[in-house]
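Heads up, the chain below is alone and in the form predicted alone; it's given as structure tokens.
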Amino acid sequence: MTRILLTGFEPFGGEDINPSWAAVSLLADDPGVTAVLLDCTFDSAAKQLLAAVERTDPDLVVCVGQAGGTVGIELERVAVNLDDARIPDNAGRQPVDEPIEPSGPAAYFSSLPVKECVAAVRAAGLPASVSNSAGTYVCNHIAYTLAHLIATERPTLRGGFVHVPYAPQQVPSGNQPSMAVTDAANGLRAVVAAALA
């Protein structure tokens, strides 16, 4: 059976929910899936990801994060070698202009077929797009960590990063876009199917 590792983050920035983990946890019982909750911290999240890859030896890794203000599911095309935090992480750390891997390249492209994944999410009736920036917070840190692992140690592993919008309960006033967690989960299923195909 194909082994799939999905990760999502704990809430951060004063939120009570992180839709990335809420959606990923709905896929935890899917065949072949291992779902892992990551801390929203620069230091421990990367260690947790690497440990999960070592433990599960996956064929596919899809890391998921929250991108407030976005309309749909976003497939991240690029991860950059930079931590530059607008707000502190959940451990209080706020790096500024720090490289993730001092000897690593400036950026990596995702090894997911991002355009095919976008098409699959749209075919499932949900909004999706390619994003060319995962930011410079913990999401990008994880995206780069995964890409660096693939480039240096696991060349047959396919993996990348996906952002999902706010959950509706995060924007009760309706003044920003949101997506039901069940829809985000269905979108992630479409991403996984397209990546495996």
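Since this is a predicted model, take the numbers as computed values, not measurements. When you see a residue number, it is the position in the sequence shown, counting from 1.
There is another form of the same protein, the form predicted together with a further copy of the same chain; it is not shown, and what comes next is about it.
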Non-hydrogen atom contact Thr152 with a further copy of the same chain in the model of the complex at 4.5 angstroms:
no
At the 4.5 Å heavy atom threshold, is Ala106 in contact with a further copy of the same chain in the model of the complex?
yes
Applying a 4.5 Å heavy atom distance criterion, does Pro172 contact a further copy of the same chain in the model of the complex?
yes
Within 4.5 Å, heavy atoms only: does Ala91 come near a further copy of the same chain in the model of the complex?
no
Using a 4.5 Å heavy atom cut-off, indicate which stretch of 155-163, 43-51, 131-139, 24-32 touches a further copy of the same chain in the model of the complex.
131-139
Looking in the model of the complex, is a further copy of the same chain within 4.5 Å of a heavy atom from each of Asn81, Pro127 and Pro168?
yes
Considering only 1-32, what residues come within 4.5 Å of a further copy of the same chain in the model of the complex, judged by heavy atoms?
none
